[in-house]
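The data below hold one chain only, encoded as structure tokens and taken in the form predicted on its own.
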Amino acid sequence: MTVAARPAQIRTEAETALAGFLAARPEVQNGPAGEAQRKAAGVFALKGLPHRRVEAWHYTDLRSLMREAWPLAAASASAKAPAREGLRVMIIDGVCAVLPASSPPGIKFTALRDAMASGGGTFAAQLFPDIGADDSPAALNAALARDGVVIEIAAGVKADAPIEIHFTTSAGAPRSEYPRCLVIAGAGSSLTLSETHASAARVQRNSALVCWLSEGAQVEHVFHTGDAAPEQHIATLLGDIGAGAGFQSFALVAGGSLLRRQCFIRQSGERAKIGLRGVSLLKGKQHADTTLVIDHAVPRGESRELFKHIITGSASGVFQGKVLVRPHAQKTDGGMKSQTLLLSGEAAMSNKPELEIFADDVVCGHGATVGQLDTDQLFYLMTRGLPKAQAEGLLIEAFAREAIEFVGNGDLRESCAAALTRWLETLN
């Protein structure tokens, strides 16, 4: 019996260009890091850009949406900018351009290009973990990553001020970039990390942030995009949460034509607590996709997810959340919720919450709602003398603030609230 050969998949123009980027990578290191990058390149070469027949990408057909791959960004002149005061890292055109001039004892900043040149097997395993490794855009970032920053917090150190990683581009022609950052939080340490994304030019950004939390570490992470966001952005968050550690992440999405924010978080230690929350503010023809995979790999873990979506115009949103409870992960407590306000007849939202539970002593639940502003509440406010536009703004703000209030740092919380107010003003 003769078995017909499986036809080769026809590459799109973008996939052909990306294959060329992979073949011409001059930054690939020798040693464990280089081997990990070559392995990731093989994953992308096999899978290509994801399309609607890939279940996790069903609502964001990247193969169709990404019609071309823009040239790789060259290291800008600003990559040689001097260090600055304050705990702020600047990633410009995918290159670590600015590191803090000084840092508190126990906090270390290293440009990723330098860390990759000298790091051994343990470092490579932390930078390129197996979490989410089969996702082809995440693999593409791993394969093409040439720079970023490594932030190490020593055991017991508590950072008083937030650490900011600011991503931007220099002005000029359209380009693509693949920065990757690594945060290692020692046992009992704590920090607040602000991740902001902007752009001065048209850019396709595929970024990744990897977080390792040792026993008892506490990390708060705030992700923010504004009006000057990348035109196309795949943002991957990878996390390994140790025993008794706490990881809280909040995302405010308010810019860019296409954003896919995907989080792969693994609870690797007992009694770890994971909180993922966010607000998406979408208008015009924007498309934003939030996809989560929470892996409870050991017993007595807790996870909470709350995402709010406010959509107007002909914009579209996606929420996919999967909570996986392994067979031996007893006493897991998980709750996931997605809530959406549609402000126009053309706005669209797709929800796909999932629970995969292989243990019998757990408390897990999920819910998703899609609706419009409550007419009774709106009528009540208008009868108290508020104009309709102002009444609608108050209801929308109250809807979103429920998630924003989970941001622990007061300055970052108010910054997110101010961004919400500015966005609401553009609707009037």
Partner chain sequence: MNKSMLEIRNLHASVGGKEILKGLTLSVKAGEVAAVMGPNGSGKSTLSYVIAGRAGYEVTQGDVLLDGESVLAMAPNERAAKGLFLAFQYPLEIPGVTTHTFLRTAMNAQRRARGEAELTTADFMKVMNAASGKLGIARDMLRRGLNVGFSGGEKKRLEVLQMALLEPRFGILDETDSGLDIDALRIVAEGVNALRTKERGFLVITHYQRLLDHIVPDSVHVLSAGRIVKSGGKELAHELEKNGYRDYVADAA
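Positions refer to the first chain, counted from 1. What you see is a predicted model; the values in this text were computed from it and never measured.
Beyond what is shown, the protein has a form predicted in complex with its partner chain; the following relates to that form.
Not displayed here, its partner chain is approached by D376 to within 4.5 Å at the level of heavy atoms in the model of the complex.
Using a 4.5 angstroms limit between non-hydrogen atoms, Q390 touches its partner chain in the model of the complex. Its partner chain is not drawn, but in the model of the complex it has no heavy atom within 4.5 Å of L65. Using a 4.5 angstroms threshold between heavy atoms, L381 counts as touching its partner chain in the model of the complex. Look at 45 to 53, 66 to 74, 382 to 390, 31 to 39: in the model of the complex, residues with non-hydrogen atoms within 4.5 angstroms of its partner chain sit in 382 to 390. Along 393 to 421, these residues reach a heavy atom to within 4.5 Å of its partner chain in the model of the complex: L394, L395, A398.
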